[in-house]
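So this first bit is one chain, no partners, the form predicted alone, shown in structure tokens.
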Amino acid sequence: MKPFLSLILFFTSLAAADLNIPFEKYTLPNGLRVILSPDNTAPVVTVYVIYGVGARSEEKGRTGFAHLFEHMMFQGSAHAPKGTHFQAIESNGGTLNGSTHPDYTDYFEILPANKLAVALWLESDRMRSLAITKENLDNQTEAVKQERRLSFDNQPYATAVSDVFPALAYKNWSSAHSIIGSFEDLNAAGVNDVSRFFRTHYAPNNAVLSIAGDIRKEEVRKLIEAYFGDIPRQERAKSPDLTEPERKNAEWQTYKDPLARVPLVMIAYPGPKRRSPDYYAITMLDVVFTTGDSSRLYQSMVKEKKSALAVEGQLGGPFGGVTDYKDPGLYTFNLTYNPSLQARQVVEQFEQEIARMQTQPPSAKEMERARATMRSFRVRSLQSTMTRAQLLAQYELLDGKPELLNSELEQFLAVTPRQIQEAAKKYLVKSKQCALEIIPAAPAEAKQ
């Protein structure tokens, strides 16, 4: 069968029937979990490595370490000196990157299938022997500071979202501190501190290696054993206590942002337990509520009342999404609103729509649109080897169930209008709400 025709038939079957993405999972003796998902429709492969360490794993006085390590991991290792990682992948026609999240840090390479061994060699060498030197630490500490200056401190809303909002939304320090970290903590970091962080968290038994694309499983198994098999496991770090006290009173805070040009209000509610029935109900509620021009909030606040310029909702926001949401977490809304109005007027209209959801469950037409949207998004996203590798690894790390890739869509689609209504009553409660009003301000007024 021609590859193009095979691809069409493959994704047509996905849209028409249950998902059936092939994969297999096994674990090396050193604890590294491996997931292989073959797809021979195109000669491309994604290598994705996820470590179970994120900003919520940091200790007091050591904020920013998770993000710092995202940078350190590209500074060379025993057999791949600084610059080798980028040069080796890009010269072989590939792309690569890494990212820091509240609960994990991940790295990936996408490249021609016949260059798979290059990515495996690079990932294994830095897992085994990252070059942690004072020169590299100083260099990347400054790089992180500069990134903060350019990407956060000099961008509208960014400082409010990264620093102010977590402290408003959470009471537990592990969740409430800045995901980026502070300059003071980065300046205080020494080589010994960073080395200990690496040994503790960047171990094979705290990682998942996921490979999706044009692979031959037996060949890949041999490569993985050769490159990763002798990396020693480490004693696992104690998981942080993320217990969050119940919110009993609504909170409101105002932040004056000299870089903002239009006002925005962030509104959040404590979210449900991951993988609970309420988790699926809230996700589908959000599709009805905020996804697309036909959603309730868009129709009401943007199109009819013209009080909002844009509406967004996300379970797991503002630093993640549905797939990597981990409780305790938030269901967060961003309302960019008409400057002629006051934030509390906009929030009042928003709460009226919540009340309507609590008394008027989604109609059959709304449910049909929501299910079609969810199905379409999932099927289209799975055309990417990157998405497949990423989701399989996330589901393994956070749930121990990579098979959710094939089964969870059914659980979203099975949510009923009544379940959505009950979830709105249970979670979108005024007393559990926190709101951060971000308003444009002159530089002299900032943060006052």
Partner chain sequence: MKSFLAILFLASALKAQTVDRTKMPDTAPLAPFKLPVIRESKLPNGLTVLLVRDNRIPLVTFRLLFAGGGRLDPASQPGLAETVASLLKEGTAKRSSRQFAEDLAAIGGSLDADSGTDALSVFGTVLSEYTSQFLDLSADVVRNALFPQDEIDLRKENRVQELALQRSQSATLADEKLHRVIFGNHPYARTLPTPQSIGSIERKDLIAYRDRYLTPGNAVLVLVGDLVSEPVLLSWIRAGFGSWPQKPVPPLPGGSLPKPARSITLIDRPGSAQIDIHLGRHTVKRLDPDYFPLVVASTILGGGASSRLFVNIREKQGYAYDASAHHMGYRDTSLFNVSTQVRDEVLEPALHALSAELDRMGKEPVSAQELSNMKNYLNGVFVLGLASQDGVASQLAALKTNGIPNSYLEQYVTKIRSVEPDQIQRTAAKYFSRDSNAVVIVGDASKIQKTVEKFGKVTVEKAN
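Quick caveat: nothing in here was measured; it's all calculated off a predicted structure. Residue numbers count along the first chain shown, from 1.
From this point on, the text means the form predicted together with its partner chain, which you will not see here.
Next on the checklist: Each of T133, K171 and A441 having a non-hydrogen atom within 4.5 Å of its partner chain in the model of the complex: is that the case here?
Outcome noted: Heavy-atom distance to its partner chain in the model of the complex: none of the three under 4.5 Å.
Checklist entry - in the model of the complex, which of the listed residues (E304, E251, E246, E348) lies with a heavy atom within 4.5 Å of its partner chain? => result For this set of options, the contacting one is E304.
Item to check | The unique member of D163, D327, D214, E312 whose heavy atoms fall within 4.5 Å of its partner chain in the model of the complex | outcome: Looking at the other structure, the residue within range turns out to be D214.
Checklist entry - Since the chain is shown here on its own, which stretch among 73-81, 266-274, 317-325, 237-245 would lie within 4.5 Å of its partner chain in the model of the complex, judged by heavy atoms? => result Residues of 73-81 come within 4.5 Å of the partner.
Checklist entry - Hey, in the model of the complex, does K222 get a heavy atom within 4.5 angstroms of its partner chain? => result Flag for K222 set to yes.
Checklist entry - Hey, in the model of the complex, is G94 touching its partner chain, heavy atoms inside 4.5 Å? => result Heavy-atom contact with its partner chain at 4.5 Å: present for G94.
Item to check | Touches its partner chain in the model of the complex: D153 (any heavy atom, 4.5 Å) | outcome: Residue-level check for D153: yes, a contact with its partner chain.
Checklist entry - Can you check whether Y227 is within 4.5 Å of its partner chain in the model of the complex, heavy atom basis? => result Yes - in the model of the complex, heavy atoms of Y227 and its partner chain come within 4.5 Å of each other.
Item to check | Residues of 373-403 having any heavy atom within 4.5 Å of its partner chain in the model of the complex, listed in sequence order | outcome: The stretch 373-403, when checked against its partner chain in the model of the complex, contributes T373, R375, S376, V379, R380, Q383, R388 at the 4.5 Å heavy-atom cut-off.
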